[in-house]
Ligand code: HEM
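Form predicted alone, single chain, as structure tokens, below.
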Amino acid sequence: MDMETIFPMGFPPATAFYLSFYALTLLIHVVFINYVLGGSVYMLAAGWLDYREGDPERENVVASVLRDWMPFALGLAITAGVAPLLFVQVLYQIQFYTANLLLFHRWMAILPVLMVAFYLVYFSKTRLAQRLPHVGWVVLSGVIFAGFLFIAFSWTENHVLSCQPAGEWKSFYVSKRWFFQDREVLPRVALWLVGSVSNMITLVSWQLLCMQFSQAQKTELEVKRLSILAMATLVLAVVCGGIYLMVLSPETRQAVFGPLARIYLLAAGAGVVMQLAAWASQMRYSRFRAAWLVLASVGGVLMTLGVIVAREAVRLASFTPEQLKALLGQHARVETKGGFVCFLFFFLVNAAFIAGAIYLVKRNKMFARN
């Protein structure tokens, strides 16, 4: 379906507003999710490699930082997920709720899995967890990663199911299957999973940069290791993105490269190039440099935002013109209800509380060291 033909003047104001704020709030949510999901990947890999190398006592600075901050980042990810969850219900009410109901038990399983992963992340910081044998720590990290991977898989499965035509919904309901099998699901999960690692590396590198100033922490090995890992995951993300585009139908692929998402797809590509250049330059130094981390951060934002917009282009391409017109009418009706001022107020209040919490944690750590 050609969006330019249906909307020659662009989306109506209400739809454009909700799509824009959905993309922006989802971007904030994804940043924290990347830290948690990518962090769980790193902690599992670091624990396993240390175990294989027979050096369980060796300190891994990055894993230590992740262990300290992942509980807080998970709390931020959950809090930041409220806004995009509200916007997606406004934008795609029927499709979103239908997918939820069709998956039912599988969808509701997210809550207990999230609770277990949430408490295990906090448990990993305790002294009891630190006294676990190394193989126990690897198992603990594996369970945490499996929990977050299950949640990521479930959200992807829900999203892909919501984009299916009504006939596919009926056949899935009649089959009484718990899992929705589609060729899009695994490439999408792989793309988000690999991308989360590269974004996590940027975030944790900023933390290590602060450690260089406050603790004179020796991070020479981590600079090279993280730079190489970031470049490798970026290349792998591009490969996963290419595989995902290959499994799409020609019509859907046309929507990704069409007017709606084309410029954002180019921005995502530019973001990947910027990050590769930043990490290739950073690797030449023995300490983290703010200039290269800024470049990597800007590139990461462009890459993530571009993928988010392309994702919505794929979703919109699954609708018929009649369905789109019905959605537009729904958006216009919702806009008359107001509530944006209230949303913005509490958004700013929550942001202030989160910033205050980070400041208090950093201040208390400085007092403890002194």
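Here the structure is a predicted model, which means the values were calculated and not measured. Note that residue numbering follows the sequence shown and begins at 1.
Another form exists, predicted together with the named molecule; not displayed. Remarks below refer to it.
- A residue is said to contact a partner when one of its heavy atoms sits within 4.5 Å of a partner heavy atom; Y18 fails this definition for the named molecule in the predicted complex, lying far away.
- Taking non-hydrogen atoms only, M43 never approaches the named molecule to within 4.5 angstroms in the predicted complex.
- Although the partner is absent here, G81 lies within 4.5 Å of the named molecule in the predicted complex, judged by heavy atoms.
- Using a 4.5 angstroms limit between non-hydrogen atoms, C240 is distant from the named molecule in the predicted complex.
- Within 4.5 Å of the named molecule in the predicted complex, a heavy atom is found for every one of L74, L85 and T156.
- Among L114, L293, M211, M283, the residue placing a heavy atom within 4.5 Å of the named molecule in the predicted complex is L114.
- Only one of L302, L37, L66, L327 lies close to the named molecule in the predicted complex, with a heavy atom inside 4.5 Å, and it is L37.
- Stretch 188-196 is the contacting one of 135-143, 188-196, 120-128, 226-234, since its residues have non-hydrogen atoms within 4.5 Å of the named molecule in the predicted complex.
- Annotation for 20-48: interface residues with the named molecule in the predicted complex are Y22, L26, H29, I33, V36, L37 [heavy atom within 4.5 Å].
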